[in-house]
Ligand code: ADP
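Given next, in structure tokens, is a single chain: the form predicted alone.
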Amino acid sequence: MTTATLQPSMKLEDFRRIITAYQQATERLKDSHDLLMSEVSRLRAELEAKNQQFERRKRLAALGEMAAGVAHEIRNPLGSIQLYADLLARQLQDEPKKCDLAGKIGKAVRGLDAIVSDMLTFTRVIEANRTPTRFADLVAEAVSEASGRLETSGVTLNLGQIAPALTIDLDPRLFKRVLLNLMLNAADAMADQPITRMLTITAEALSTGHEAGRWRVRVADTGPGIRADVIEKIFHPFFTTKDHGTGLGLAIVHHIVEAHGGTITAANRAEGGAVFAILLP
């Protein structure tokens, strides 16, 4: 009678390979799970931001309807006051003091009319007619219009990071107003600063992260920065920390950037000062 030797059904080395493969598969599943959860978290944050934007637009739409009605009611009598002030100034040319008073009335009326114009700009639907635009040329135009205020405030410009041939699809007329408003705000913020008053404007194409394929425009200053209790309200209409103005400037900026399909955020720089970052498709 022949005795057969029993062989194990699986060698130890085969078992180790199976365990190793199992561990590798488990690690891959864990990595996939972590990646999925990260993406879910990002999408939730994006959805929350979109919901906040939607709620903001609803509030602004209601406010805009009211402001438009008020603006139209104010503009008609303002036109009459301006006409009478001009007539009065012509009739009082031989009496300089009285003529000067009439001129001051006209100047005040023009200031009120500018406020009404801002209100109407804010309330109407803005259509951005985007066209390939040399960004350096657009910045130069805005700088030219703001030069008086920049010089008065002692502001130094840093535009060296903008490539002369850099071209971005945007509405040049509207976006110049964005740049001009941000530049004037920065000049006001830095006016009383004892340190070097530097205004830096940059533009670049993003190639990494979830913002890849977008343009980023930054306007940064060396002013006192934005107070923590203000930064969340800075783009709200009629909100201002200045002694003058309507508080519509940054709201209009936000409105124009949204019309381009973009976003704008405000933050404080670690080295001091504020920075406004615009993302454009």
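So that there is no doubt, residue numbering starts at 1 and follows the sequence shown. Small disclaimer: the values here were computed from a predicted structure and weren't measured.
Another form, the form predicted together with this ligand, is not on view; read the next lines as being about it.
Trainee: Please name which of the stretches 23-31, 36-44, 223-231, 208-216 has residues with heavy atoms lying within 4.5 Å of this ligand in the model of the complex.
Mentor: Careful reading of the contacts points to 223-231.
Trainee: So in the model of the complex, does any heavy atom of Ser153 sit within 4.5 Å of this ligand?
Mentor: Output for Ser153 is no: heavy atoms all beyond 4.5 Å of this ligand.
Trainee: I'd like to check something about Ile256: if you look in the model of the complex, is any of its heavy atoms closer than or equal to 4.5 Å to a heavy atom of this ligand?
Mentor: No, Ile256 is distant from the partner.
Trainee: Classify Lys242 as contacting or not contacting this ligand in the model of the complex by the rule of any non-hydrogen atom within 4.5 angstroms, answering yes or no.
Mentor: Yes.
Trainee: Ala274 versus this ligand, in the model of the complex: is there a non-hydrogen atom within 4.5 Å?
Mentor: Yes, contact at 4.5 Å.
Trainee: At a 4.5 angstroms cut-off on non-hydrogen atoms, which residues of 170-198 are near this ligand in the model of the complex? List them in order.
Mentor: In sequence order, Asn185, Ala186, Ala189 come within 4.5 Å of the partner.
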